[in-house]
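Okay, here we've got a single chain as structure tokens, the form predicted alone, with questions on binding and movement later.
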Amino acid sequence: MALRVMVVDDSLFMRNMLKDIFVRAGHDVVAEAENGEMALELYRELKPDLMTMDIVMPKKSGIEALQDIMALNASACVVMVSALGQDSLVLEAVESGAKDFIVKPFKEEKVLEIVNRVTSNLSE
């Protein structure tokens, strides 16, 4: 099943890497955002099936944006993207409603494995 995906990261390089992974896997990247404020606006408008969300971003952190999105839709499917060593932030994100997390640097297979796991119940 093709997912409607939104990629959120302040790094254009990381957004492009994730977009390429999703497109190769047959998913539709419907939007991308470079900060938490933009992510929240686009989520409200597009309601994607899945979001990848960087934790550390300007204007509004990924965790703050996640909390706002979960307040709008408690079943939103958000996977956080973190750098090595951000364990306490990852824990906070999971406690705030993130379905899982991807650690940078990541491999395509690992990203798709996590996406498949967290979205397996969407088609049921």
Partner chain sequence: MDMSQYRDLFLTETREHINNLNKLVVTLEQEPDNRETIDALFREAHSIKGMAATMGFDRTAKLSHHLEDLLDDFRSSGQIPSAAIDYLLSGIDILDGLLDDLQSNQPERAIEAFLRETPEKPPVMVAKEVETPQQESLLAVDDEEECVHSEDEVSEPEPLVADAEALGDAKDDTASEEEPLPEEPDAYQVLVDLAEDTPAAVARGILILRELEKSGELISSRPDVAALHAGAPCQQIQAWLRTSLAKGHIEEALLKISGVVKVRFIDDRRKDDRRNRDEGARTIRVRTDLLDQFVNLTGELITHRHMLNTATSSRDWDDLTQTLSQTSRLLDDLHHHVLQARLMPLESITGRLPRIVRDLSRKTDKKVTLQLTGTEVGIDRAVLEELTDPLVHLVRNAVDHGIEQEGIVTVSARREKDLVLVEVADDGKGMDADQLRQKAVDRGLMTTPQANNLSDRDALMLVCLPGFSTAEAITETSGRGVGMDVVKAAVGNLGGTLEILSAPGQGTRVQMRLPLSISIIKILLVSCSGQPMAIPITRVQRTLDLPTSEIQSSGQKRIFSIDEELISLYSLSDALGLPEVAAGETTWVILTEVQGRRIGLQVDHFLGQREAFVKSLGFPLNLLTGLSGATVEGDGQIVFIVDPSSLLEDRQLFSND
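Residue numbers count along the first chain shown, from 1. Since the structure is predicted, the reported quantities are computational estimates derived from the model, not experimental observations.
Just so it is clear, the following notes concern the form predicted together with its partner chain, a form of the same protein that is not shown.
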* Asked: Are 87, 94 and 113 jointly within 4.5 Å of its partner chain in the model of the complex, each by at least one heavy atom?
  -> yes
* Asked: Looking at 95-103, 42-50, 60-68, 28-36, which one sits within 4.5 Å of its partner chain in the model of the complex if you count heavy atoms only?
  -> 95-103
* Asked: So which bits of 43-73 sit within 4.5 Å of its partner chain in the model of the complex, heavy atoms only?
  -> none
